[in-house]
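Quick setup: one chain, the form predicted alone, written in structure tokens, and binding and motion questions come after.
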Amino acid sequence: MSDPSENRAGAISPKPSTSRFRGISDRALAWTFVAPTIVILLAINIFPLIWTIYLSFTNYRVNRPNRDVDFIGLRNYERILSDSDIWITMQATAHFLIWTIVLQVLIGFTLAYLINKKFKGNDLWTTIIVLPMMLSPAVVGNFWTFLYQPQIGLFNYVVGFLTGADPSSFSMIGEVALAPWAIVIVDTWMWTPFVMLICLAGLRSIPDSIYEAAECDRASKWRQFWTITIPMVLPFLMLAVLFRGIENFKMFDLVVQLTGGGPGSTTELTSINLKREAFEKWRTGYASAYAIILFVTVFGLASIYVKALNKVKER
């Protein structure tokens, strides 16, 4: 027979805390945790995008009072698409984008293929190659600006030693013909290790049994490279191109440190031109339309490219 005092103690003891949440469904609990993230996303990304779209249809200027704002429809878009200077800037961006991607993919894949081979000091060389990627773009820009100096720069002396030209006879960041290639060289030096790491991950994901089966079929190394290595690494290569393409399309800090968009407007990429329109000329509505055009361009090209990437993965 139980003690009455024990029964009274059990009746007085509090219920488990989990009973407080017994009435909350899993969906409500999930929204409780997700809601702060959604609010932050709306405040930081979605609202500025909607506000930019609105400003792109106006003649708004930051340095003018709000009473001067007029709705002008698609006039900003028409002016941008018919401006020859904008298309020259697009050509400069395309030149930078295409050449950096081509060089980084070729050199990055070659380095990954060599490092994937087992040899002494493999880890040490991998660390050394990856070092440029760890540096800040501002540091890299200042560093290469010093290397490109005609009188004291090491780059000019190396080129002069290899070609016999006078080191002080040319300036990589001061001549119209050489300045675009100057920023291509620096970006390739800095971000080729990133492509190398992605390609190295792809190479090391290929099972050794596939190569062993190919050797049993007496396939040559060249045949194995084109029928096994390239097809299986291709999705990783395409992923590297996607990442570098998006990043280089909005390249800003490195070019500003090296050339500032000069000489003239030779290396003025779209990001630099957009910054000048918005924060030097204070044409906020015009710059908003410019930003929307760039956003739609990148989003559209990236969407098409991702569909092609998915088809390659399904093979």
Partner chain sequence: MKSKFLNSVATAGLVSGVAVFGSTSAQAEDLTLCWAAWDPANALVELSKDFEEQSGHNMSFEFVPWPNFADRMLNELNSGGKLCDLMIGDSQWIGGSAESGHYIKLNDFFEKEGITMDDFIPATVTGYSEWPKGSPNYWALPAFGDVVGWTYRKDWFERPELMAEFKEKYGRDLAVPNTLEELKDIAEFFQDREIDGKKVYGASIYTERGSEGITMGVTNALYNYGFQYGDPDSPYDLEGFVNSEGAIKGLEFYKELYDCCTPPGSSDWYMSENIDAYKSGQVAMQMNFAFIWPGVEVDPNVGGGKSGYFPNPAGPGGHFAQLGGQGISVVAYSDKQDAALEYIKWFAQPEVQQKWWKAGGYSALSAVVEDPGFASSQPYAQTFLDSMAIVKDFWAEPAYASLLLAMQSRVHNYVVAGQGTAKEALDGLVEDWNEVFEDEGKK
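Positions refer to the first chain, counted from 1. Owing to the predicted nature of the structure, the values given are computational and were not obtained by experimental measurement.
The form predicted in complex with its partner chain exists for this protein as well; it is not shown, and the discussion that follows is about that form.
- For the candidate set S136, Q91, S168, S205, a heavy atom within 4.5 Å of its partner chain in the model of the complex is found for exactly one residue, namely S168.
- T266 is the sole member of T266, T58, T52, S271 with a non-hydrogen atom lying within 4.5 angstroms of its partner chain in the model of the complex.
- By the 4.5 Å heavy atom rule, the three marked residues D85, G174 and R283 all count as contacting its partner chain in the model of the complex.
- In summary, the region of this chain contacting its partner chain in the model of the complex, judged by heavy atoms within 4.5 Å and restricted to 197-205, 240-248, 147-155, 220-228, corresponds to 147-155.
- In the model of the complex, its partner chain sits beyond 4.5 Å of every heavy atom of S288.
- Its partner chain in the model of the complex comes within 4.5 Å of a heavy atom belonging to R79.
- For W31, no non-hydrogen atom is located within 4.5 Å of its partner chain in the model of the complex, even though that partner is not displayed.
- Although the partner is absent here, P36 lies well away from its partner chain in the model of the complex, with no heavy atom inside 4.5 Å.
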